[in-house]
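Below you'll find only one chain, the form predicted on its own, shown as structure tokens.
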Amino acid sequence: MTKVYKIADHAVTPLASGSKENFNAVLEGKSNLKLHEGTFGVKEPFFASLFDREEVLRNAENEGIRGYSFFETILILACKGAIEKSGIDASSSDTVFVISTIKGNVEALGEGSKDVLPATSARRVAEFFHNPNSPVTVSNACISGLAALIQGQRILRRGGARNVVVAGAEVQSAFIVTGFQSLKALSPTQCMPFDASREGLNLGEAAAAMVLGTSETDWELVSGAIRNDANHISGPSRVGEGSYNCLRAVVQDKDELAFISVHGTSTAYNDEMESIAIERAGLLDIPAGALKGYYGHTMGAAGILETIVSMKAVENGVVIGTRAFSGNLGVSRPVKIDRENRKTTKQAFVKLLSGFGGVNAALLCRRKTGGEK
């Protein structure tokens, strides 16, 4: 089977611009999560990590990016950063773009625009780089970013491209915030993954991109799995059926794992479900951690962003602590969650995500020792 490698990556978040810069901010325990009142015209206050839009647009203007929606702008910024590091020809017919998002340019609905479909934005992003191919658009609830990476892996394995640019982004809006508020899913304070005092999730904005190829580098995307347990329109399987089957499909040797980067949304059902899935997969002795306390739930960007940060963690020999976790575990299975960063010498990890409709995904990534940090 053809091996697929990460060639380069880039992340643009409210914390920092750049993959290394984001990892360093997380390592220092930083977060941009805060209370927002009146933002987007939403009456009820909410906790979230949001971009300074004026600053981002100024930076984009300096990069020659203008005439795009804010959603498309951050996607282009993420892709541009990764492409420039990779050295690939993004305009080549041998390069394919895979774009991940849940809501896309949905805020444009309130502006009377018809250009709200994710596929429309994906095409505009590809055209910015003069790419002649039709981009692939992935929109599959919260697993979208991870599903996009797996889709990129599959394209390369079947010989459909020489390189794949996988990028995901999400911007928040009144439509999204009030939707989650109607589900009573948002926490009124900082989210606390796996904690007994958790009250719900925080939303976040981000864009992240990864260039994939078949030329050997220090990071291999070893195996990915997507499973749908079709449990409920919004609630996960109470026994973690889909997540368990994803873990069973991708984990080859649990002793090589530095950690499992879990979804960890801080909702009562998600964190409990993941703990059950981890137990069923025989992985309770593997450290687990969530990044939502640093970024909030970045939705279509989460799978790519959290994979990038996890790669940086392994490169630096760190298992990242779960921010805001008090030490009082609030799930029924004894998963190894720790607030503090800990050291590791292991060179692989699993990224795990789940989403509405019972969709689940997992990706095993392995580092070749001696790779660059």
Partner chain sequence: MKSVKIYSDGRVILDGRENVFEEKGLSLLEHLYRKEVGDYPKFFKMDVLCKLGFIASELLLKGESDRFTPREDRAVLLFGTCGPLCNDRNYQATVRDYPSPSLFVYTLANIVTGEIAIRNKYKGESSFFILDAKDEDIIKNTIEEAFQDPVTQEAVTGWIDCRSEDDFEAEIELMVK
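Residue numbers count along the first chain shown, from 1. What you see is a predicted model; the values in this text were computed from it and never measured.
The following text describes the form predicted in complex with its partner chain, which does not appear among the structures shown.
The stretch from 211-219, 186-194, 118-126, 75-83 that comes within 4.5 Å of its partner chain in the predicted bound form, counting heavy atoms only, is 118-126. Annotation: in the predicted bound form, residues 3, 24 and 27 none come within 4.5 Å of its partner chain through any heavy atom.
Looking at residue 357, you'd find a heavy atom of it within 4.5 angstroms of its partner chain in the predicted bound form. Using a 4.5 angstroms threshold between heavy atoms, residue 229 counts as touching its partner chain in the predicted bound form. Contact annotation: residue 134 falls within 4.5 Å of its partner chain in the predicted bound form, judged by heavy atom distances. At a distance threshold of 4.5 angstroms between non-hydrogen atoms, residue 43 is in contact with its partner chain in the predicted bound form. The partner is absent here, but in the predicted bound form a heavy atom of 176, alone among 90, 283, 257, 176, sits within 4.5 Å of its partner chain. Scanning 273, 138, 165, 291 against its partner chain in the predicted bound form with a 4.5 Å heavy atom cut-off leaves one residue, 138. Interface residues of 148-166, taken as those with a heavy atom within 4.5 Å of its partner chain in the predicted bound form (partner not displayed): 151, 154, 155, 157, 158, in sequence order.
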